[in-house]
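Have a look below at one chain only, the form predicted alone, in structure tokens format.
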Amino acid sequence: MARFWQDAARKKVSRRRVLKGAALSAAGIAGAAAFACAGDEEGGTPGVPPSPTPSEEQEPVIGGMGNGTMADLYNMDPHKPIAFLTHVFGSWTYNRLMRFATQRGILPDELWYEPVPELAQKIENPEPLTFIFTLHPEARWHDIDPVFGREVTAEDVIYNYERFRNLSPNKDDWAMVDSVTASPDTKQITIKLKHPYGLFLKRVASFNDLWLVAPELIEKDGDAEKRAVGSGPFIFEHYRRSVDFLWRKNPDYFEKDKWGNRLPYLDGLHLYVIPDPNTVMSQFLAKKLDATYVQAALLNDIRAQAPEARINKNLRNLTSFLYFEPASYTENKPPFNDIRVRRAISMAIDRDGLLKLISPEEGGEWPNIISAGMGRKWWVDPKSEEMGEPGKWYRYDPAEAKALLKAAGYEDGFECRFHYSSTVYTNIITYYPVVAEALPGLMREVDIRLTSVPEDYIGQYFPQTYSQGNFDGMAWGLLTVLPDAAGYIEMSYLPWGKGGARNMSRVDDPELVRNITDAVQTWDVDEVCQKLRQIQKYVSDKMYYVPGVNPYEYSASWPVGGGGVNTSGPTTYSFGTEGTMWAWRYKGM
């Protein structure tokens, strides 16, 4: 066993400490965690039978309170940040014109990220560059101050589009839009595009972009930071930092199920902020929480102590990667300006070893800039023949990595700082901190000596290191879940400020930009897919960003609820209308 893995084994999560916490949990939180995420209830993997679910024909149970967990927000206004949690938060309160397909139980792979109507009841495409969205006739804003249940109009959508275009860091997701206009009767919105864009409706349905906020709220409060008023399935009550979030059912929500029941089924939703993963686990084992994410190292203990709990697994659509200080590309600053150094770093990562450490039962996949969770149609496996020559840069080979470093003038290696988030991810992406702790050891094997710099997600990591590139050395990151493969490539490699909202290293490659533009400005989705697959091979050779791992992740839940949708994926941030809205709680549980 390599020295690194001997060290890693000694640093595994202390099971005794966690389970001791469970025994002390009697005074814990009242209820928590079952309906925050549809995937949590049943979880699953394509080809693997999921936990038992209510049949398609079983009529739901109305009423009851959903309880869950949630992390503190960077901010609440959905048009301002790019932090994923704000979009998760907004999904219970707001609507989009479209959302992604849902289905009770397993959603077939071919329907992953399939746009379907939400606030727009009908979508027409009378000529290639024109799309007409007709609003649902029963859509109303929440019946509270300052809108008091008035009708949602096309003018409201225009207001939100203009605000999104002026404020949002994600505004370039809609860069293909030429104009957005309202019909005289305010029932329809017409969107004209500048050029072909085959993935346009996926952008309309995106859970990262155009959430619709009541205009009067913005006019009265100045923004959506203090209150949240929308037309979504739940009415926001309060957010108390480091304590909890509370919503109640929107009794006038416009959508109904096939039995005629008005959605959502639950009376409300209560989410608690519990930053300590040991406390979360102890609360779950004490049945104070209905569901929780689980570190793989604790799976057997959870099974032993909670044999009736469902253990679920999922391959999330989340890319992990190392990124470098922007001066590497903007000022040609050593050492990361040298392609040999970047390839050496990739070859120093023992991806299979990491997967065994963080997901010992199922392992996982190697991502490139796109992960397997996006769906195999869009992902090029770095281990596949299709990846070709660039595939060798993904292989774990410390000797070759050292040879590359020597050729680059770093025979004795080098020192640098290593930044990562020490909060937020610890509970909801349980492998992130484990890999963050393991990477310095792997780099040390090739004489790259990292000084770890743990950073608070809200105070430093997200606003400075991740969002602005204000850091030195290298950093460990996660690329947010996106609803289409083009988004990953556009955001990572287009110039900063011109579509590259996640280009935190400021990669500037004119040939790559031309190829991306050519790929996405096409109507034929299959052609888009093939061109994006070619780009994945190109960027794998350049190693502008060094991909990490894509493990199977685990969660555990008590069998208290039903109605889980999309239990095999895809990953989404829209827990509101793509999950919670369809969930119910059995009487007496």
Partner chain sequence: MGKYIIRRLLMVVPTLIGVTIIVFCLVRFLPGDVVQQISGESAQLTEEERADVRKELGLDKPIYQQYFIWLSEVVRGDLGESLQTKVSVGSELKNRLPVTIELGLLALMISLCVSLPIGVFAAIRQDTILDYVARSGAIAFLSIPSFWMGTLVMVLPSKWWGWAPPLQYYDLWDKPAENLYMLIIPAVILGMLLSGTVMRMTRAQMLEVLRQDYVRTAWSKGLRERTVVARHAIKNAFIPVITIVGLQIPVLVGGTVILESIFSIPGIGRYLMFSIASLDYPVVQAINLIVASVIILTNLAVDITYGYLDPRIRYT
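Quick caveat: nothing in here was measured; it's all calculated off a predicted structure. Residue numbers count along the first chain shown, from 1.
Note that the form predicted in complex with its partner chain isn't included here; everything after this is about it.
A.B. asks: Report whether the minimum heavy atom distance between Phe148 and its partner chain in the model of the complex is within 4.5 Å.
C.D. replies: Contact check for Phe148: no, nothing within 4.5 Å of its partner chain in the model of the complex.
A.B. asks: Give a yes/no on whether Glu411 approaches its partner chain to within 4.5 Å in the model of the complex, heavy atoms considered.
C.D. replies: Residue-level check for Glu411: no, no contact with its partner chain.
A.B. asks: Looking in the model of the complex, any heavy atom of Ala83 within 4.5 Å of its partner chain?
C.D. replies: Although its partner chain is absent here, Ala83 would touch it in the model of the complex, with heavy atoms inside 4.5 Å.
A.B. asks: Find out whether any non-hydrogen atom of Ala436 is located within 4.5 angstroms of its partner chain in the model of the complex, and reply yes or no.
C.D. replies: Judged by the heavy-atom cut-off of 4.5 Å, Ala436 is well away from its partner chain in the model of the complex.
A.B. asks: Identify which of Leu299, Ile144, Val273, Val116 has a heavy atom within 4.5 Å of its partner chain in the model of the complex; exactly one of them does.
C.D. replies: Among Leu299, Ile144, Val273, Val116, a heavy atom within 4.5 Å of its partner chain in the model of the complex occurs only for Val273.
A.B. asks: Exactly one of Asn515, Thr279, Asn160, Ser328 has a non-hydrogen atom within 4.5 Å of its partner chain in the model of the complex; which residue is it?
C.D. replies: That would be Thr279.
A.B. asks: In the model of the complex, which of 482 to 490, 401 to 409, 342 to 350, 500 to 508 comes within 4.5 Å of its partner chain (heavy atoms)?
C.D. replies: Going through the listed ranges, the match is 500 to 508.
A.B. asks: Kindly confirm or deny that Gln283, Lys288 and Gln460 each have some heavy atom within 4.5 angstroms of its partner chain in the model of the complex.
C.D. replies: Yes: Gln283, Lys288 and Gln460 each sit within 4.5 Å of its partner chain in the model of the complex.
A.B. asks: If you look in the model of the complex, which residues in 236 to 270 sit within 4.5 Å of its partner chain (heavy atoms)?
C.D. replies: Going through 236 to 270 in order - heavy atoms within 4.5 Å of its partner chain in the model of the complex - the hits are Arg240, Arg241, Ser242, Val243, Asp244, His270.
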